[in-house]
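As structure tokens, one chain now follows by itself in the form predicted alone.
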Amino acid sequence: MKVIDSYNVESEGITAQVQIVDDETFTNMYLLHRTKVRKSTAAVMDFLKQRIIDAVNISASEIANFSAWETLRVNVKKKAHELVRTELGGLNAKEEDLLVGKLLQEMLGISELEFFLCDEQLEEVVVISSKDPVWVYHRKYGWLRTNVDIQTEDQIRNYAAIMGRRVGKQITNLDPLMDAYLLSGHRVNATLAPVSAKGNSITIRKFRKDPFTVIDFISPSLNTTSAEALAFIWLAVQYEMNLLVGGGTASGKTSFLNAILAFTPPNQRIISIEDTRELMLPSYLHWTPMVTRLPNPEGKGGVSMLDLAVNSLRMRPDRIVLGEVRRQSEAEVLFEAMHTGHAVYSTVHADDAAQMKSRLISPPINLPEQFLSAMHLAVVQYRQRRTGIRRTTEIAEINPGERGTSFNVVFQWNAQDDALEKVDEHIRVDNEIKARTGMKQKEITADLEQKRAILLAMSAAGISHVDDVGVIFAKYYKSPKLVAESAEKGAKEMRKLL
């Protein structure tokens, strides 16, 4: 076997080595080298688990309570150290930390799968069944088989139930499909046999602890979009234009939406509505995230996206964000919000602007085409499965007309040069800004150039953390001249703004 890459990951204080190897099969392998405990020690650990449960009094309410979770973890860790020292005297510090880490993984986590959740290079973790190895999707190497497996179908089902209980969801024979999210924000989908024919399955889509920002998108390492295009998006968001992000599965729709919401002025209220929490906005924003809820086994207590969308209109929002448009009723409320003066943002599955229009006016969404006139911009994201790169391929204005809506593609991705290029002028956005503010075209052009310079200066200064990026934009809305002058002076002055 040829080792392609190697690095370490850490979970609960336990360090494991990861090796990406070419074992001359059709796919490369992800080898997780971790310290295993002996069978005799494993038996003692079962005893210690019960002692910890008795001592700490772990309740179901604490497991499902976000704010109490970290306190619970600290108490369990403290008691685990005490009991390991008492029951297994003579261990050195390294051995003690290993056993305590294992206890935490098994009592408050999902055992060895926790190493995968702590690997920032992974985007997806997939358990197919007890007969198959765990698979992972690596940011650099794509799909990889691992040397980790789960021994029984009952254990897979148990892991799914544990993850569901933490967020008030359950998976049973009567309800064998579960969509939930971990306290870390990762999304979980689980299915039970015989719905999944091979066996019980779990799919975990991982989200970065530090989400991508617009500065990450213009960095050479990602090259997702261009500073010029993001300056235009910034202008549109600042002046409350409505925007829809399209793309295929895992193309970066939500990541792009999440990143551009940082352009929102801090004195405006954002209400976001999602099936599972994925958005993570800068802390300075006036943001209320809302999440749908499935009904209980008796069919009561469910809260749908439509319920939340209708309710959000009563919460005095300035901006409404809908995780994804899927149904006609949701889309109608969304477009009604646009017509009543709210700035609205959402995502939809579509490979280009024309397909986005087709999706919206065809079943199951089936909107009247005249509704689309309220939408100003369509952004399309693309993911190349072979290499894993993600690109913004189109940014188009939506233009209403007597014969229906048409698209003015302003930015288009050039695959040969791997660059997002400006191919036409933005007309509708500029005209609406002129009508609302009285600005002249040369002022809009100057504003765009200023925004582009600020983005490039932030990139040069290495300002890319979500809250740091948010601070710069917040200061821009308070004193645009200060931020613009700092950008002109260079990276050192930009960092002084933090």
Ligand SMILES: Nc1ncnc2c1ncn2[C@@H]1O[C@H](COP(=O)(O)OP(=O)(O)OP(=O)(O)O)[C@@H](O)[C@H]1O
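These numbers were taken from a predicted model, which means no experiment stands behind them. Residue numbers here begin at 1 and follow the sequence given.
The discussion below concerns the form predicted in complex with the named molecule, not included here.
Heavy atoms within 4.5 Å of the named molecule in the predicted complex are found in exactly one of 421 to 429, 93 to 101, 204 to 212, 332 to 340, that being 204 to 212. When the named molecule is considered in the predicted complex, Thr224 lines it closely, a heavy atom lying within 4.5 Å. Remark: Ser111 does not count among the residues lining the named molecule in the predicted complex, judged by a heavy atom distance of 4.5 Å or less. Taking the partner from the other structure, the named molecule in the predicted complex has no heavy atom within 4.5 Å of any heavy atom of Leu182.
In the predicted complex, the named molecule sits within 4.5 Å of a heavy atom belonging to Arg139. With the partner omitted here, the residue from Asp119, Glu278, Glu394, Glu397 that has a non-hydrogen atom within 4.5 angstroms of the named molecule in the predicted complex is Glu278.
The partner is absent here, but in the predicted complex a heavy atom of Glu324, alone among Glu228, Glu324, Glu153, Glu240, sits within 4.5 Å of the named molecule. Residues Asp23, Thr27 and Pro133 are none of them found to lie within 4.5 Å of the named molecule in the predicted complex, as judged by heavy atom distances. The partner is not shown here, but in the predicted complex the stretch 224 to 262 reaches within 4.5 angstroms of the named molecule through a heavy atom at Thr224, Gly248, Thr249, Ala250, Ser251, Gly252, Lys253, Thr254, Ser255.
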